[in-house]
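Given next, in structure tokens, is a single chain: the form predicted on its own.
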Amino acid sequence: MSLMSTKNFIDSQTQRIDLHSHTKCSDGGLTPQELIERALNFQIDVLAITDHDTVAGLSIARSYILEKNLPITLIDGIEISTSWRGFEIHIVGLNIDKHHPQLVQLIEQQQQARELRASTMGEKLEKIGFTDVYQQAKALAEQGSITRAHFAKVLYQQGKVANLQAAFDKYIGKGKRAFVKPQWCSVEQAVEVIHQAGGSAVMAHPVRYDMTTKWLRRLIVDFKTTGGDGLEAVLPQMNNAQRQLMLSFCLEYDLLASMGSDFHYPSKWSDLGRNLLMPDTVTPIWQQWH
């Protein structure tokens, strides 16, 4: 189905929509094919695959949908890691042309930054006394983007931490002994490249960044100034105050609203399409796709 006609067939009143999900091509637990099957099982009508700094899973998923003639609409997406005033901010690109030269070039730069961070993190963990973590994280990532989640999984498998979160809290989180500040692109660059690739630039999960409301407002103002299109205003795990704050930011700064589960793997806390309902007080991001 043509991306250009997306607006005509997305209807949040009658369809289940999830515009943020991951596969094994980055730090997700399922292959693109498995993710599509799970989306169908959860009766998702429209799914965006938004792997970290890679579009490798999109062609696999689309081929699988076509081969099996499956009743699901795939939105080509990506989640780009950026740096903003010392924070790591994620910008989701939706409805992109995955072959656009500027996007391909940015992905290459981001992958180089990812590889440098991973190898340096491995060296730091080695000094702490944890051997072969980088090599094992690389093996876990296979051909996909290597992320800190892969390192956390290795530390857990080696019995160095009690759970995945503990790996971040003790070793690889911000300010910890094996943390490495990544050299990501700027928010402005991510937004610009997403637009060049014909997509919509959405700030991923704004409520999850470890900052005050004052700083969050500053971030959203900067994002809007760079030409950002929308906020991920609806996520599965949000309290009412967070939901109201996101909706008020959309209205105040004339930003479109997106929604997504940020699905990585099956868990009791979150799953595809769970608690995703677009309020009629805001304009959905897909209104831009025509």
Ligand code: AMP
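So that there is no doubt, residue numbering starts at 1 and follows the sequence shown. Here the structure is a predicted model, which means the values were calculated and not measured.
Another form, the form predicted in complex with the named molecule, is not on view; read the next lines as being about it.
Interface residue among 196, 165, 157, 111 relative to the named molecule in the predicted complex, by the heavy atom within 4.5 Å criterion: 165. Interface residue among 117, 124, 153, 100 relative to the named molecule in the predicted complex, by the heavy atom within 4.5 Å criterion: 117. For residue 68, no non-hydrogen atom is located within 4.5 Å of the named molecule in the predicted complex, even though that partner is not displayed.
Contact annotation: residue 132 falls outside 4.5 Å of the named molecule in the predicted complex, judged by heavy atom distances. Among residues of the shown chain, residue 149 is one whose heavy atoms approach the named molecule to within 4.5 Å in the predicted complex. Residue contact with the named molecule in the predicted complex: residue 52 places a heavy atom within 4.5 Å of it. Note that among 101-109, 210-218, 132-140, 81-89, the stretch whose heavy atoms approach the named molecule to within 4.5 Å in the predicted complex is 81-89.
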